[in-house]
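Coming up is one lone chain in structure tokens, specifically the form predicted alone.
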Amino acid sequence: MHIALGSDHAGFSIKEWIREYLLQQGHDILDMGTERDDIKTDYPDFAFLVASEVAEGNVDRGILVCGSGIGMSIAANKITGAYAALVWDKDTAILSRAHNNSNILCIGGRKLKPEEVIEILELWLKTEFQGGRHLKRFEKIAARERALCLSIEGDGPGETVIFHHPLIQHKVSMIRDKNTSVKEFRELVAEISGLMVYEITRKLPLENIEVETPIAKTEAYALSGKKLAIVPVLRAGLGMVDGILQLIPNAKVGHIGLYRDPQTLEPVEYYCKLPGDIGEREILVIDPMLATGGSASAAISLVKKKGAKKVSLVCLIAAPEGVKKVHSEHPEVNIYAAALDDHLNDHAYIVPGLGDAGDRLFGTK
């Protein structure tokens, strides 16, 4: 079993002991720190790291240790898809798996003896979720969790995520206003894009580093080298580029040129230039308006054809028709939007929408 392991300074010694024990049992261990117990650390940092690995499906289970286990369990459960259980004896070890389907075990390093930890580990790892009446209850928790961060979901593994952050919604209202000037519109589009990518990248992996402040040495964190590329769909997608690069300036930028045939409403390609190492990068295809979904779906197909393996779509305003189109052709792709509008009109414009994003960005008609 692939297990992510983490602790703060208070749980370090037990974490190290658990790691050696699990390695002896043949498990594959991802140790996410801390690396020492002589520097005080903050348990939420390690809880978030381990919980993110579990929620992303990069590991099978997670184990977290702090002094009492309480702080770790509270912090880990803030990550969508993480179900952390504070366990203190054999009964709670079994119940947390059989009834609650926990995927992260939280232990109080200062509350348990080594032999008690062994019993808990063995029972928690081998106990299967019973399902049945417990599945119904677990699904209620998962549904509530999804409702807090998602507006709708795709039919496949890809999700449609609508951001309800007050700043995003406030600025979306401003770009909808027909009286907003070209200058203001451009600035707002960039600002919204930056706010969105801040949320989109919240699960980027981190690694532990040591830095020396003017006062003392301390543990800190750095992005662990995950490569990103943004690919705007010309021309309107260009308006979102600067806002994203403000936060991830090292991202590479590709370009895809598509226009919609006014008669057939189908996308027509006229330009495609992408980073040479696109297969090694996580790709954000960006286009302000997801209307029929034809252009977005075609753009995603193009980057896949060039070797992209992990692709997401980022837009400002989406229509249900476009969401359905993209998810039907690319079910694994996540769609991120600032707003999900009502429908398309007879001219394939989003209602209420904001008009033609390209014209409003560049002052053309």
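Just count from 1 along the sequence shown to find any residue number. Here the structure is a predicted model, which means the values were calculated and not measured.
A second form of this protein, the form predicted in complex with a small molecule, is not displayed here; the remarks below concern that form.
Note on the interface: of 107-115, 158-166, 87-95, 284-292, the segment with non-hydrogen atoms within 4.5 angstroms of the small molecule in the predicted bound form is 284-292. Comment: the small molecule is not present in this chain, but in the predicted bound form one of 188, 248, 123, 234 has a heavy atom within 4.5 Å of it, namely 234.
Screening 75, 258, 230, 175 for any heavy atom within 4.5 Å of the small molecule in the predicted bound form leaves a single hit, 258.
Contact between residue 342 and the small molecule in the predicted bound form is not found at the 4.5 Å heavy atom cutoff. For the chain shown alone, residue 356 is a contact residue for the small molecule in the predicted bound form, at least one non-hydrogen atom being within 4.5 angstroms.
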